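The chain below stands alone and is given in structure tokens; this is the form predicted on its own.
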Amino acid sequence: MMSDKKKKLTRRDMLRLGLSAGAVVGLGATVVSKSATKTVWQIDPDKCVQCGKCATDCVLELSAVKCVHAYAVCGYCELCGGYHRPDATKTDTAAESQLCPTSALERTFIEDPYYQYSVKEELCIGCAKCVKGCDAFGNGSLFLQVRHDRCVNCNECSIARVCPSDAFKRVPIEEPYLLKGKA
């Protein structure tokens, strides 16, 4: 026998229950898929051709790909090919002299004639202009890497699908970063 005090489920109640259950299942699936993943996406810096697609094809609004600097191989030059435009008339910090469209490379004087170049990752869009300049006129101490504190580790990385040099690959999560010449 049914009691008169039993509440009838309305369509709205059913919708709420369904959405709540869906959210819980979705969250559980996300946690399981993240913990089950043993690899992450990364760029092989020896294969990267600095095409610029990392800046435009990431699913994130601001790409998870950032320029990194291998200080151990940097020449600390006054005229840095990654910092200065090839047609720059002065070797100063003026915007018209800089290659980076977002001023993500910061130049700091050390001692004559040496300068240190640091990447401000929050400004870097992964366009690779500095990397291309460094490779062409320097020693290649600037290169692109997927930053895993930003990457959502898509099953099929949207940048990897459009990469013309097939530079994106899955690497073990224990060693998520690749160095130039050691990939």
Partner chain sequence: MKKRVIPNDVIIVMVVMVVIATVAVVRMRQKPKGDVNPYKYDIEQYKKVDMALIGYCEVAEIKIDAELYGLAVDDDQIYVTGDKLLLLFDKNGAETKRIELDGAAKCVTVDADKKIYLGMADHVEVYSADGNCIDRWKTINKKSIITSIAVSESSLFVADAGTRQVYRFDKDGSLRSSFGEKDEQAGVPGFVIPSPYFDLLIDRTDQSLWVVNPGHRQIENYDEDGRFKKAWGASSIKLLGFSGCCNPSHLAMMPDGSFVTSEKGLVRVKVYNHDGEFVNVVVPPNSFDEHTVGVDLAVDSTGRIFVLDSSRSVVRVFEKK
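Bear in mind the structure is a predicted one, so any value in this text is a computation, not a measurement. Residue numbers count along the first chain shown, from 1.
One more form of this protein exists, namely the form predicted together with the partner chain; it is left out here, but the text below deals with it.
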- Task: Scan Glu156, Asp149, Glu122, Glu61 and let me know which has any heavy atom within 4.5 Å of the partner chain in the predicted bound form.
- Result: Glu61
- Message: Taking the partner chain as it sits in the predicted bound form, is Asp44 in contact with it (heavy atom to heavy atom, 4.5 Å or less)?
- Response: no
- Message: Quick check on Cys51: any heavy atom within 4.5 Å of the partner chain in the predicted bound form?
- Response: yes
- Item | Any non-hydrogen atom of Leu144 within 4.5 angstroms of the partner chain in the predicted bound form | no
- Any of the heavy atoms of Thr56 lying within 4.5 Å of the partner chain in the predicted bound form? yes
- Between 124-152 and the partner chain in the predicted bound form, list the residues on our side with a heavy atom within 4.5 Å. Ile125, Cys127, Lys129, Lys132, Gly133, Asp135, Ala136, Phe137, Gly138, Asn139
